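One chain comes next, on its own, written as structure tokens: the form predicted on its own.
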Amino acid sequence: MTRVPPRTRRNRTHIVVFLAPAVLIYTAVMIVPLFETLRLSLFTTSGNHFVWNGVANFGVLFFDERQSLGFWNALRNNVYFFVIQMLQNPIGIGLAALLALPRLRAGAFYRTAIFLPTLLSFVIVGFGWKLILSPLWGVAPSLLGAVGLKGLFAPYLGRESSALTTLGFISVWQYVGVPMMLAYAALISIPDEIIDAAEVDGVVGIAQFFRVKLPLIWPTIGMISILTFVGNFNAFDLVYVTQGALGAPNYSTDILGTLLYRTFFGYQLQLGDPNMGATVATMMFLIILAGVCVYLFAVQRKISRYQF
């Protein structure tokens, strides 16, 4: 039997010692609440006691006339919100391609300016855009009027048909710096030998980006997409700050995050129900888990061959 040298055993002990605090904190903050939420969704409250309910709460969430309307509406809004948010990825990749040009001047300034909104608090972003787009005291009507386009202005956040779209573009504006920086880091890490070989073969300019660089950063693009997916179905702050917990106007901006808040904690005349709130949270977790699994087992395997 092979005996492990003392130094190796000591190093392994050090690994455990250094990892233990992070593992304990992550378990206490993430793992335990997750399993507690899953457990809570399988019970119902009767007085001061929890009664086993199985998956009946999910049946209520899907099919009950009062609960299901809000859930399916929030899910549809979340999917639409995700489609709009995905626009930040091609925009960010395009900006990264421009910023990665070797002859570009003041590239650091442009990177900082584009990434800066990502560092702002969602409260500042939400209230700031609410003031900008206000038809009473906002600056948007004046700015559009200065260039002769005042007729294009409308109370975008006050209309059911445009409120969610407007919030989606605000989110794109705030977070486009994230895919830009990730794609930029991937582009500048491409070995110079590959670029030189492409130039020798006559592949330059836009053709070089689409034929050489873009395939090489597909793994990064996949990671950016899954981060956008997870962030979208965890969204709550921007909608809550700008439109309130009811997803005004008339629930047109209600998403799963705001539905979870109202269901779990209660809001105005709606009483909180921790069991149904945990059911909504469990559905959010399952949706995110399904999306991540599809990415890992169906997409990541195909794009991993582009890694260098």
Partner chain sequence: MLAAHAVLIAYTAVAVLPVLFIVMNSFKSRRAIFLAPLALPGPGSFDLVGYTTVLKTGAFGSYFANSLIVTLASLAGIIAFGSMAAFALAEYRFRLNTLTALYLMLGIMIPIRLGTVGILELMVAGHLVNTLVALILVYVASGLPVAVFVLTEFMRTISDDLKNAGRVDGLSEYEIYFWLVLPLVRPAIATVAVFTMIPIWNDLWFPLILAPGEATKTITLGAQQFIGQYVTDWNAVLAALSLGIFPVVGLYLIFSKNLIRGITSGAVK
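Numbering follows the first chain given and starts at 1. These numbers were taken from a predicted model, which means no experiment stands behind them.
What comes next is about the form predicted in complex with the partner chain, which is not displayed.
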* Asked: F18, F109 and S134: each with a heavy atom within 4.5 Å of the partner chain in the predicted complex?
  -> yes
* To do: Sort through V176, A74, I93, L164 and report the residue having a heavy atom within 4.5 Å of the partner chain in the predicted complex.
  => V176
* Structure fact -> in the predicted complex, the residue from V51, L34, L69, A56 with a non-hydrogen atom within 4.5 Å of the partner chain is L34
* Report yes if any heavy atom of P102 sits within 4.5 Å of a heavy atom of the partner chain in the predicted complex; otherwise report no. => yes
* Would V299 count as a contact of the partner chain in the predicted complex, using a 4.5 angstroms cut-off between non-hydrogen atoms? -> no
* Do D196 and the partner chain share at least one heavy atom pair within 4.5 Å in the predicted complex? -> no
* Asked: Any chance V204 has a heavy atom within 4.5 Å of the partner chain in the predicted complex?
  -> no
* **Residues of 24-42 having any heavy atom within 4.5 Å of the partner chain in the predicted complex, listed in sequence order** => I25, Y26, T27, A28, V29, M30, I31, P33, L34, E36, T37, L40
